[in-house]
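Here we start with a single chain on its own, the form predicted alone, put down as structure tokens.
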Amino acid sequence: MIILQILINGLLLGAFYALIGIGFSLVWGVTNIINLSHGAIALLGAYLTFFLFQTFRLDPFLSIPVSFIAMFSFGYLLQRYLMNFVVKAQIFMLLILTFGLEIFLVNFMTTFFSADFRSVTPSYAGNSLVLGSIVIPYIRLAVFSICVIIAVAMALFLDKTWPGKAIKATSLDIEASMMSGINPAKIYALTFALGSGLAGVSGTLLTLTQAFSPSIAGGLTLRAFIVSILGGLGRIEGALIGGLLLGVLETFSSYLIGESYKNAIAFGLMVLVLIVKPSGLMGRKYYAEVKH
């Protein structure tokens, strides 16, 4: 039964990884920007949730729309009035820009919220569903459900709505999309805003499952990067599968060989996927390959 418990824990963790990876993968797949500030943006959502809980006693689940709207707006302004001016630059310059933004945001959060670990503990935090020897915290079960629902909603948005189809068209062929009347600058801004909004939601859900501080921003970005590689760029279902796989792998590796080796194993899995299937488990060719 302990194996089943570990598997369940891994799936519950993996859904969170999937959510934070979806936004990262979407931005990378459409705009060709590897957003190294993605984890810091997620933490902005976490601190916003913490502030609302401490000041107004707003339930963390009710702050999800607030985090999404706030980070969506922040991401839109950031892309429209900063990233769009350098989006055609070499990828190395974009990496430097987003890395600099990550440093700025981390220092901003450290200054205003300190480097101490924070947590959000609503009254129901300790409640669990007990099935024999299997224990499933209600909060983690709710987080899992929300992550899956958001993933499905994003997939439907990209497939069924005009903005979603415009995003997919721009990611595949920017010249053809422009001939169809699509404004790439607006689509890039919308995509970056969606990625930031999803990061904000993942930050809110993070507060419900673990303590956080500005120091973990890099670790969140790393998980999002690995999930994107595993699942394939721009594929919602790929990010979902990649996140679940990473969560299960980390949980089993932590149990079998220790917590300190989970990063190495995650990287090993990523390298293996790149060797066997460079486009990811469910991905298409990379943006640059399609473009050229």
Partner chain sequence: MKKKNVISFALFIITLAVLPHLVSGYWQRVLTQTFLFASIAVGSNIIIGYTGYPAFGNIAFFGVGAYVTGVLTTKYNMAFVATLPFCALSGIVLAILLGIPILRLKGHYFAIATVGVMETIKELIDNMTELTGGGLGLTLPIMQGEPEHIYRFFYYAMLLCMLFALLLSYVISKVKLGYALRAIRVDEDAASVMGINTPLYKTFAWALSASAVGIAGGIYAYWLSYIDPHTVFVGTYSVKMFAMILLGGAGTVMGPLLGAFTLELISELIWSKFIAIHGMVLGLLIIFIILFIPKGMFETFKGGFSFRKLLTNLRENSL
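Numbering follows the first chain given and starts at 1. What you are looking at is a predicted structure, and each value in this text was computed from that prediction instead of being measured.
We do not show the form predicted in complex with the partner chain, though everything after this point is about it.
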| property | result |
| --- | --- |
| Contact label in the predicted complex: Leu274 to the partner chain, heavy atom within 4.5 Å | yes |
| Close approach of Tyr261 to the partner chain in the predicted complex, 4.5 Å, heavy atom | yes |
| Interface membership of Ile69, the partner chain in the predicted complex, 4.5 Å heavy atom rule | no |
| Distance check, Ile236 to the partner chain in the predicted complex, heavy atom within 4.5 Å | no |
| Proximity to the partner chain in the predicted complex, single hit among Leu26, Ile229, Leu246, Leu240 (heavy atom within 4.5 Å) | Ile229 |
| Option touching the partner chain, based on a heavy atom within 4.5 Å in the predicted complex, out of Phe157, Phe108, Tyr138, Phe117 | Phe108 |
| Per-stretch contact check against the partner chain in the predicted complex, the hit in 117-125, 94-102, 158-166, 145-153 (non-hydrogen atom, 4.5 angstroms) | 94-102 |
| Within 4.5 Å of the partner chain in the predicted complex: residues from 35-57 (heavy atom criterion) | Leu36 |
